[in-house]
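In structure tokens, the next block holds one chain alone, the form predicted on its own.
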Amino acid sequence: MAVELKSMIKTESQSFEQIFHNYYPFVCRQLYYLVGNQSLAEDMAQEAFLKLYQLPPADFSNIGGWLAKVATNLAYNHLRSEKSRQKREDHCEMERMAKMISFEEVVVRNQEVREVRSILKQLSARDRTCLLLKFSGYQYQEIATVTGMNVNSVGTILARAQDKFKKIYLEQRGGES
């Protein structure tokens, strides 16, 4: 391939080195304008000239236009991939932030847990056990089996236990609802 390029360039009376020196500053400026980073623009310019060397155009009459087109395509491909990468990173960062619990939330949760435990200690063992089992996902039949109560009285006992819990909670909160 390089042999073909050399023969094509010689017929156009310019060497690859001459083309490189003539067009490199133009290609770099164009790429810098598109990507906004000098070192990235220089890397992309080298890539454009590498493409010229490896896969030269069929017509050398407008080599500057060909290089400009290749450079523009390289820049747009880079910008698209960067935009896609940035979207992925932003999405991951948002997920990570959503999963994080603030220190304030931890303190509030710990305080709530202490309050609930304090109230549960004030209830009878039967009421406390029934509430804990119910809010752990147990069904009435399972609660009756664990506590040794009649399944028909579980609902009534739970309702009364919840009322007692609520009454104590409101008393501790100073009557707030």
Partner chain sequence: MCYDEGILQAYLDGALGEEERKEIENHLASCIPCQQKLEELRKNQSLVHECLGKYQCGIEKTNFDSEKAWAHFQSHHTAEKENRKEGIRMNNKFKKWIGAASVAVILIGSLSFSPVRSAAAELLTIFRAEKVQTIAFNEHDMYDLSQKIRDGVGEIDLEEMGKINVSNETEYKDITREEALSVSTLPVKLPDESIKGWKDDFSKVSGTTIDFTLDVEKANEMLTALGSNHLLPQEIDNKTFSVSIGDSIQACYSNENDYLDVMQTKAPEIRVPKDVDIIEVRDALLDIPILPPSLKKQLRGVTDLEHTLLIPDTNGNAREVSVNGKQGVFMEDNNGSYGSLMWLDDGVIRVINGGKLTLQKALNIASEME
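Positions refer to the first chain, counted from 1. What you see is a predicted model, and the numbers here were worked out from it, not measured in a lab.
One more form of this protein exists, namely the form predicted in complex with its partner chain; it is left out here, but the text below deals with it.
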Checklist entry - Counting only non-hydrogen atoms and a 4.5 angstroms cut-off, does residue 42 reach its partner chain in the predicted complex? => result yes
Checklist entry - Hey, in the predicted complex, does residue 36 get a heavy atom within 4.5 angstroms of its partner chain? => result yes
Checklist entry - Is there any non-hydrogen atom of residue 70 lying within 4.5 Å of its partner chain in the predicted complex? => result no
Item to check | residue 66: touches its partner chain in the predicted complex, heavy atom cutoff 4.5 angstroms | outcome: no
Item to check | Residues in 152-171 close to its partner chain in the predicted complex, defined by a heavy atom within 4.5 Å, in order | outcome: 155, 156, 158, 159, 160, 162, 163, 165, 166, 169
